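Single chain ahead, written as structure tokens, the form predicted on its own.
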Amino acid sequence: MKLIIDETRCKGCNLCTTVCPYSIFTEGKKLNERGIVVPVLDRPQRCTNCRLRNLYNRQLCGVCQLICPDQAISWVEETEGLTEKVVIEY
């Protein structure tokens, strides 16, 4: 699982930065194209939903998603990388 912030929905309230028990969000520093400062994922690997949701087959935290008034936070399945044959030339 991978956590994403939909920048088209986020209004920059930063509630997610205050409620996350794992401190994976930080306040953004740059304005996006709509003039809004969107929070940044600082350490998403600390999120239990990102790491363990598939293992336990249920949502483990999700406070950021629940508190977001704009429904801008969600999880997506990560696709495994495609294997490709690599030719090394000397």
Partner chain sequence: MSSKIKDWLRQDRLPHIYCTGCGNGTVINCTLSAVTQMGWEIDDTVFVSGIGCSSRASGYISTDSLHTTHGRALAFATGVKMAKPELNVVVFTGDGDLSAIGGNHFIHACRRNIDMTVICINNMIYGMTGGQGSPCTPEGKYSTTTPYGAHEPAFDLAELAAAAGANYSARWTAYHVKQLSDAIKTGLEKPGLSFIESITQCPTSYGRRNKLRTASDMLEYMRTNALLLSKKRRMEEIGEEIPAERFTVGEFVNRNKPAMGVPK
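Residue numbers count along the first chain shown, from 1. Every value quoted in this text rests on a predicted model; they were computed, and no experiment measured them.
A second form of this protein, the form predicted in complex with the partner chain, is not displayed here; the remarks below concern that form.
Colleague: When the partner chain is placed as it is in the predicted complex, are P21, I24 and C50 each within 4.5 Å of it, taking any non-hydrogen atom of the residue?
Modeller: Contact check failed for every one of P21, I24 and C50.
Colleague: May I ask you to state whether C61 is within 4.5 Å of the partner chain in the predicted complex, using heavy atom distances?
Modeller: C61 belongs to the contact set for the partner chain.
Colleague: D70: heavy atom within 4.5 Å of the partner chain in the predicted complex?
Modeller: Residue-level check for D70: yes, a contact with the partner chain.
Colleague: If you apply a 4.5 angstroms heavy atom cut-off, which residues in 4 to 22 are near the partner chain in the predicted complex?
Modeller: Contacting residues: T8, R9, K11, G12, C13, N14, L15, T18, V19.
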